[in-house]
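Below, in structure tokens: the form predicted alone, a single chain.
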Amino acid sequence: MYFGLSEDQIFFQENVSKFLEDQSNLDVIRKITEGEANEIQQEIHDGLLNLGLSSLLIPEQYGGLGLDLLFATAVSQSLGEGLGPIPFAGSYIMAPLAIMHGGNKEQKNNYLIKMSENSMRIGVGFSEYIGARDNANISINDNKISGRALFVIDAKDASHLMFSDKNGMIGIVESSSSGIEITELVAVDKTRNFLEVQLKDVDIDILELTSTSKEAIDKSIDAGRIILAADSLGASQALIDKAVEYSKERKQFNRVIGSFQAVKHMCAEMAADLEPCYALVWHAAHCFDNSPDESRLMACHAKSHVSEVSKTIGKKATEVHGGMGFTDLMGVHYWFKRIGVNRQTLGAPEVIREEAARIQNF
């Protein structure tokens, strides 16, 4: 039995890859990370939005494409492989899903239509629910929110921000509201952004259904984890391709290093480790929409396993490049850092494995 992407999903994926290849090469990424190409980054963002990235999961009745998570997963692979310097997992996956599963009719009409029209973008801060840090907590009372949220995903330039308390209650605030102070964190992966947000008695629109059910936040986080796993999958494939290409060109002792057995073994091990991850991530995305009993567990498995595999691939790919792998010239570090950030976002492997054990009553 073959389990993989459909022709439509592959076509969508290839369009994203081709766009990034044409518009966002390594030189452009280098300028973006140095803060010298904000206009170019916005053009890349706008170009990808024209392909429909902002409305992938939004139902057609709200102006979206109404596709499933497997489509979004295919896109995320391309973004990871091409170092897509845009918001995605938070703004275009987690936020709409939380509203779709947790909002009332008025909230869905208010938010989803505007999101599909690209007139609204929402950053996501669920760190309080997943695992709050010291001196960082969120409290929601009487339609007011206060506290401090760390690692808010895709919050930069977002018109609205979505937060959750430790009980899974979700609400949305306007970024321009008084009582909000935003601090940009020192980024490891400078192709994306994570912010710290301080809130003091800010008006919040609470998603109606989350007060009695955690389905909205659980579905949102599961989807985010699968999307990040797919992003790491694409980044890992890019590193393998770069390592193989480099090993065919770099010479030592008048021989290309790819002819050395040790280098052959490293490249083969990376490919062998990554190949099963494709089916794992695709199956997790399929379960999200078609097998609710398996969905949460598969999301945990996909995120935790791919995080470990991609970390190892990042290390080996850098080693294949030798001393050059640590330089800015080769650009290997952009994918290496992206994988590292994906590994920790929405729960490190250790945290997610504990969650998987609880799901199975261990």
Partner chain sequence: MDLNYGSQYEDFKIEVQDFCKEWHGINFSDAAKTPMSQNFESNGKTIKRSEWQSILIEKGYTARSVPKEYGGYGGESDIIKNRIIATEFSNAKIPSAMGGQGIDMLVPTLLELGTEEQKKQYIKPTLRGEMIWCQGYSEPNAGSDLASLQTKGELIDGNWVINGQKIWTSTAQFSQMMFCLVRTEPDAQKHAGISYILIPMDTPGLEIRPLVDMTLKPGFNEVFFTDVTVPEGNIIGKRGEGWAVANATLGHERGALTDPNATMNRVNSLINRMKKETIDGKRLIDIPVYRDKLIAIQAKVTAFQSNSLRVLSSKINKGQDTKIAGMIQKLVGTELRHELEGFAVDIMGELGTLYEDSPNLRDGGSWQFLYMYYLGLIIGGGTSQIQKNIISERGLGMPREPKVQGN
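This structure is a prediction, so every number in the text was calculated from the model and none was measured. Residue numbers count along the first chain shown, from 1.
The protein also exists as the form predicted together with the partner chain; that form is not presented, and the subsequent description refers to it.
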Looking at 242-250, 151-159, 191-199, 112-120, which lies within 4.5 angstroms of the partner chain in the predicted complex, counting heavy atoms? 242-250
I have 4, 256 and 276 flagged as a candidate spot, so tell me whether each of them has a non-hydrogen atom within 4.5 Å of the partner chain in the predicted complex. yes
Considering non-hydrogen atoms and a 4.5 Å limit, which listed residue (74, 83, 207, 263) is close to the partner chain in the predicted complex? 263
Position in contact with the partner chain when the complex is considered in the predicted complex, options 101, 144, 283, 108, heavy atoms within 4.5 Å: 283
Flag residue 305 as yes or no: does it have a non-hydrogen atom within 4.5 angstroms of any non-hydrogen atom of the partner chain in the predicted complex? yes
Just to confirm, residue 269 within 4.5 Å of the partner chain in the predicted complex by heavy atoms? yes
Quick one: is residue 44 in contact with the partner chain in the predicted complex, heavy atoms, 4.5 Å cut-off? no
Hey, in the predicted complex, is residue 70 touching the partner chain, heavy atoms inside 4.5 Å? yes
Within 348-362, which residues come within 4.5 Å of the partner chain in the predicted complex, counting heavy atoms only? 350, 353, 354, 356, 357, 358, 360, 362
